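Heads up, what comes next is one protein chain in two forms, each shown on its own as C-alpha cells, labelled structure 1 and structure 2.
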Structure 1
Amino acid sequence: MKNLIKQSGSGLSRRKFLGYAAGISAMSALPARYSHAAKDLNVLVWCDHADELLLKPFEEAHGVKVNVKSYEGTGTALSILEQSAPGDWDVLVVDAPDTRVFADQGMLEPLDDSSLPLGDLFKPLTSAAFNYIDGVRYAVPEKFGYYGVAYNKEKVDEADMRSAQVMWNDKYKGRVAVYDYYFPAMQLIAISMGVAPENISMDDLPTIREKLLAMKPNVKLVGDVVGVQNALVNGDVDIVLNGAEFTVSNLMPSIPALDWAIFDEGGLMWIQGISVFKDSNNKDLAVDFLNHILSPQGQGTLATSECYWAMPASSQAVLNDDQRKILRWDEQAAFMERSVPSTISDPDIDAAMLDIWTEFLQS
C-alpha cells in the first residue's frame, strides 16, 4: 500500500488541480448508508464526471439521483473506500494502470463485453493491456489524452513544438514551465531516447537524469496545473512541458493563441477507465451508467467537461467541428500510432525516479 500511494500519489496533481481550476474540487458526499436512497447511484470519479450536462440526462431517463464524489489520485480513492461499507459505491473511475490495484483486492465486478458498446471505441484502446486483468475485463476506457507540450503559438516556433528536442532548445531559455509530475516527464525523455516507458531500467536512469537536469536552464517554473496554466495565460512562460490537451483545450475557445502538440519521436498517453464495484447493490443501473458515459452524447459531453477537455474513447462521440479541431480529432490516428501508454515502473525504479525528480526540483 505504501508503494502504491507513493506511486499514484504523484498522480494527484493533474486530476486535483484540474478540478480546482474548474471550481469542482472534491465534493463532500456521505457514504450511501447515511444519505442515499436505495436506487441512487453513488459514483467515485474524477471531476469531469460532475457536470450536470453529463448527469442530468441519465437521472431523468432512469428516475434516479447520481451522487458524485470526485477524488484526486488512487491513494485518495483507497482511503475513501477503507472508510466505506460494502455497497456504499457503485461506479469507479481510475487511471488504466491502477485498475489492477482494485481488481486484485476483489473490489471490481467483471464486465460482460456484450453489455458494452466496445465496437465504437478507437481500436488502440481495445488492447487487453488497458482492459483486462488475467483475462477478465474489469474496466472500459472512456477518455484519454497525452503528455506533451502546450504553448502560446504567437510566441514560439510551432515546428519546434513537434520535437522532444524542444526540452533542451536554448531558444526557450527561461520561457518554460514544467507540470510537476515526475514519471511522464522522465518517460517523455525515455521516449526521446528510443526507450519505451515499460522498458525503462536502472541502466537507463543515469542518462534520463542527465537529460532532465540539462533541461533546467530553460525552466522558469515547475508547478501544478493551475500554476502552469496561469503562467502560460499571463505570458510569464510560453511553453508548458508535460502538458497537452488537458492543460489548455478548455481555454482555447477564449484564448485562441494557445495550442498543444505531442512529439514526433512518440507520444505518451494517459487513459482513464470506468468500472463497477463488486459490492454494488445497483449493478444493472451501474452498467446502464457505463453505457450512458460511453454513448455518443455522453462521450461528447465528457470530452468537453467544464473541468477539463480530452479525447473521448468512442469514435462516435458527438462533438462539433470547433471541438474536434481543438482536440485534434483528425490527427488522432497518427497520434495513437506513434504513442504508448504511460505506465508505473516497478517500485525500485519508481523510487529512483522520484529521487532524480527531487534533485531536479532542488537544482
Structure 2
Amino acid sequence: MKNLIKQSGSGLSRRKFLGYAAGISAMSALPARYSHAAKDLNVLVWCDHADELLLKPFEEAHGVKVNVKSYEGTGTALSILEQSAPGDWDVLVVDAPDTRVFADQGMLEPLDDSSLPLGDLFKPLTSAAFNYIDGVRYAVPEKFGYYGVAYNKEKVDEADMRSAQVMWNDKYKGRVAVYDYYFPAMQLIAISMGVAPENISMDDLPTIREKLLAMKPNVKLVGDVVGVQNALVNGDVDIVLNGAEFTVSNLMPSIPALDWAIFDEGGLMWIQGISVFKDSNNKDLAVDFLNHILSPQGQGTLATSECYWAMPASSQAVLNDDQRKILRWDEQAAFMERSVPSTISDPDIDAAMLDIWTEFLQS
C-alpha cells in the first residue's frame, strides 16, 4: 500500500489511487451472488442443514462450496426471496405444506422422480399429498417429526403425557411451556375434540379459540425452540406442549430425564421438504445435493443435526442404537399410523388462526 502511494507522482495519482480504493471497496460490498465462484451452491434452508458433517462430504465430492442461509418461518423465507434476484438461490427447504405457496408463485423447478432415491422413504411419506402439487413434484420429504409433548419424566406422570387432555390438566398449572407455532397448536386442540386437523372449518374456530384460551392458566410461557428448551432445562416448566422430538432429542444424551411422546388421540406430523429453485443456475448440482441429503449417510446426519433432531425421511438412514432409541424408532410405525400431516390449505383459516393465537398470547 505504501509503495502504491509513493508511485503516485510517476503514474498513479492520489486521486486515481483513491478511485481504485473506492472501486475495490465497492466490489467487496457487492451482494454475495457476484462474488461467488461458478460452482457455488446457495441453499436457503433450516438450521439443521448447516452442520459441517452434512455439507463437507458433498463439497469434497463435487469440489464446490455450499453457502447456507438458514431462516425460521415461511414468512421470513418469502421476504428473503422477495429481496433476492432470480438465480440467487439453488435449493430451498421449507415446511412441506408451504411448498404450494412457493410453487404457485412459479419459484420451484418440477423434479423428476427417476432422479431421486424415493424407494427408501418411509411408506406414509410417499403418499401423493406429501409429494405432488396438482400432479407435479416440487419437493421431496427429507425429515419429519411430530407436534405433541416433550417433558421431564422425573416431574410428571408419563401416562398423563399420552393424553391430549394434559393441555387442561390442573395438575400442571403454571408448569407448561408452549412452542410458539399457532396452527399445529390449534390442530392439536382439534384432535382433542375429535376433529381431524384437515377438516377444521371456520365453524370449528370459536370452540378451538375457547379451548385455547382455557389452556392459559397452565401456561407459563410461549417461546421458540431455544426458549422452551431453556425453561425445561432450568426447571421453570415440566412440559412443552406443541413440542416433541425436535424440542428435546438433542438434549436427551446429556439430560436423560427429558423425553417426548405423541397423544393417543392422534398425532400431528410436520414434514420438511427440499426443492430446487426454478431460476437456479446450478440445477444439476442442486439435484445432486438433494440426492446427498436423501442418502443413508446424509439422512442420518440430518436427523441428528446439532440444531435439532427429528426422524429421517429415509428408512435406511445411518443411525446408532442410542440415536434410534431417542427418536423412538421402534414406535414409529404406530406413531405414523395414527398421525396426520399438519397442513393448512385455506388461507382464510390460516389468517383467522393467527389472529386467535395473538389473542391467546395477549390473554
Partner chain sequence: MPDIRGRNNNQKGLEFTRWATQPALIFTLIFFAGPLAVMVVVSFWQRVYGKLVATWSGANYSKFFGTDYLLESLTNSIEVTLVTTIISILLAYPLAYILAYRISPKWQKVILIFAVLPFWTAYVVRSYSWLLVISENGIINYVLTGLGIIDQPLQMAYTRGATILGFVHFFTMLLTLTIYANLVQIKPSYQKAAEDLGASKLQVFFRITLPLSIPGVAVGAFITFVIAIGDYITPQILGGSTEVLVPQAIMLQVSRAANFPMASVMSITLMLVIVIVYAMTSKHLKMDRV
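C-alpha atoms forming the largest set that superposes within 1.5 Å between two forms make up the rigid core. Along the sequence of structure 1, residues get numbers from 1 upward. Here the structure is a predicted model, which means the values were calculated and not measured.
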For this session: Only one of the two shown forms is the form predicted together with its partner chain, so please name it by number.
Result: 2
Exercise. Residue 340: CA shift of at least 2 Å between structure 1 and structure 2 after core fit?
Worked result: no
Exercise. What is the magnitude, in angstrom, of the C-alpha shift at residue 352 between structure 1 and structure 2 when the rigid core serves as the superposition reference?
Worked result: 2.6
